[in-house]
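Before any questions on binding or motion, here is one chain by itself as structure tokens, the form predicted alone.
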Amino acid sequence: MIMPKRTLRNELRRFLREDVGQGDITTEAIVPKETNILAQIVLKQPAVICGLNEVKVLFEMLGVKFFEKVKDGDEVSAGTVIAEVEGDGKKILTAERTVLNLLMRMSGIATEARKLVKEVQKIDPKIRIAATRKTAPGLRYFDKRAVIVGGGYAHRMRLDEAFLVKDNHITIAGEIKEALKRIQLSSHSSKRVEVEAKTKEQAVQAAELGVDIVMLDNMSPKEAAETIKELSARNLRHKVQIEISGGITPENFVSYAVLKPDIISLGSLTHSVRAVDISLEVIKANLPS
């Protein structure tokens, strides 16, 4: 999952404009023109690194040399120099916070995703850990890519990728059957269909109607177990994928994983991310003569 470079450059320019405004007045006042610096990007805590691809493009846009010391997806120990940059001191310091914000957030998401993926693999390697659309506006691509780098699954990037029939859709349509009938009449009827089920009865109905995925939404582990058992008893479990979502946290995650659904999706992967501590440190400055 890599964004086209032209689109990525536009996004990175937007991030820079947001931070710089009319200019980095501190750097402009202190750093002489034509000052060349060498700086290191240092990881301050163990993490799965993510965002180097994006940061490299940003520095290239600024004419700054970028040297990766590790790769996206690497599990790295605290104190590791993950990259070095060399070039115009003003440009490097002006971009510093934008660069670190991306690396810190994306690495934080990738680290949490990797942790959960490792946990679930001990239970059943076939279970996928998925992100949701609960991402910060404007950061959807970066958040989802970080989940993938961590070993997770992006799920839907946008609303146009698949049908997800939620409770409000069912309320408006009147029932699940009617909602699915309207989908079949739409111009996108060939796309994947998932139905959100809040009860065992809704899950059975959706499976009997032939949807691709049934999402068990905000069910307790006990309710989810009873629903999966009922689907198996009706010979429906193998005909549909089961996703468990809503209220899943790293703390209660295992109690859902042992039920062996096909997918577990967590909004906390992206909406409650804890950034990884990363810094940029100047180690050499060549001042103009």
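The structure presented is a predicted model; accordingly, all values stated were derived computationally and were not measured. Start at 1 with the first residue shown and count on from there.
In what follows, reference is made to the form predicted in complex with a further copy of the same chain, a form of this protein that is not presented.
Q: Does the trio Met157, Ser186 and Lys191 actually contact a further copy of the same chain in the predicted complex, every residue with a heavy atom within 4.5 Å?
A: Yes.
Q: Would you classify Ala233 as touching a further copy of the same chain in the predicted complex, given a 4.5 Å non-hydrogen atom cut-off?
A: The answer is no: Ala233 has no heavy atom within 4.5 Å of a further copy of the same chain.
Q: Is Ile30 one of the residues lying within 4.5 Å of a further copy of the same chain in the predicted complex, judged by heavy atom distances?
A: Contact check for Ile30: yes, within 4.5 Å of a further copy of the same chain in the predicted complex.
Q: My question is simply whether Asn168 lines the interface with a further copy of the same chain in the predicted complex - judged by any non-hydrogen atom within 4.5 Å.
A: Within the cut-off, so yes.
Q: Within 4.5 Å, heavy atoms only: does Gly73 come near a further copy of the same chain in the predicted complex?
A: Result no; Gly73 lies far from a further copy of the same chain in the predicted complex.
Q: I need to confirm a contact call. Of Val204, Val117, Ile82, Leu139, which residue comes within 4.5 Å of a further copy of the same chain in the predicted complex, counting heavy atoms only?
A: None of the other options qualify; the answer is Leu139.
Q: Note that a further copy of the same chain is not shown here; using its position in the predicted complex, name the residues of 85-104 with a heavy atom within 4.5 Å of it, in sequence order.
A: Read in sequence order, the residues that approach a further copy of the same chain (within 4.5 Å, in the predicted complex) are Leu93, Thr94, Glu96, Arg97, Asn101, Leu102, Met104.
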